[in-house]
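Before any questions on how it binds or moves, here is one chain, the form predicted on its own, in structure tokens.
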């Protein structure tokens, strides 16, 4: 099996653990990742300012990343996933728009021969790798460790654009976590925003949203929070200490990427999945997961 990997900008410049961990997991599962080097921004940064430019940048990616020998494009960022799935939906629904995009692509020597499948990491592990394979690959059961899931806004919203799960009550990430041998449950802040998209325009509100997420999740007694999005990971893991200090509190929530947790459960080392780059207090939970 082969899959195209689209890292997006933020993963490459801020959260490289996202790419490192998922590539290691794919290697272990004998899946060949195709990592293109000549890529452009997904257009998310221009979405509200220059929507036509944003749309074209995303369509350009669809043309340049499509590889008929692969199962589709695996996006490592929720923002990139939103842009690509939204553009795919619009191009399929609007024939005139599709023809106009193809005309502009032709000027660059590009051709959108076929609209590829856009795959979210949760969808990839749940639908493609499969629950049964994850259950068979896990090393042990952890009935005493309760894991909180954090999907992130752009994985599921807006609900008017088809996604990989129910936007009002998703369950695929929970099933992946359970297949890995952990317990999970619902909690009031499960679908709340992490605040990342507000950092540039309203940083105080962004920090408040992240604080509410961290403190709320901790209050419900979870041992660990898991996400897939590099922006969410930035807020909940990398910025956790600064955020908690703003509200006269202390870091209290262990945060990992889903690919890191999967890697640990199938036998990869802490360095394999780049746990040294996590800044949240994962030492509180790591001894219970990894036998040192």
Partner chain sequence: MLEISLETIRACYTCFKCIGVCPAGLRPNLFVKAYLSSIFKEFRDVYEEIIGGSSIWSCARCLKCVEICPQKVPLNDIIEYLQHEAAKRGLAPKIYLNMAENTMNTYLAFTSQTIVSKDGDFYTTEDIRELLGLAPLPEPIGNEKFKEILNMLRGLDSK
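Only a predicted model underlies this, so the values are computations on that prediction, with no experimental measurement involved. Numbering follows the first chain given and starts at 1.
The next section is about a form of this same protein that is not shown, the form predicted together with its partner chain.
- By the criterion of a heavy atom within 4.5 Å, residue 50 is counted among the residues contacting its partner chain in the model of the complex.
- Put simply, residue 207 is far from its partner chain in the model of the complex: not one heavy atom of it is within 4.5 Å.
- Put simply, residue 269 is far from its partner chain in the model of the complex: not one heavy atom of it is within 4.5 Å.
- The closest non-hydrogen atom of residue 39 lies within 4.5 Å of its partner chain in the model of the complex.
- Candidate site formed by 19, 44 and 154: every one of these residues places a non-hydrogen atom within 4.5 angstroms of its partner chain in the model of the complex.
- Contact annotation: its partner chain lies within 4.5 Å of heavy atoms from the stretch 189-197 in the model of the complex, the single such stretch among 189-197, 117-125, 171-179, 137-145.
- In the model of the complex, its partner chain lies within 4.5 angstroms of at least one heavy atom of each of the following residues of 89-104: 90, 97, 104, in sequence order.
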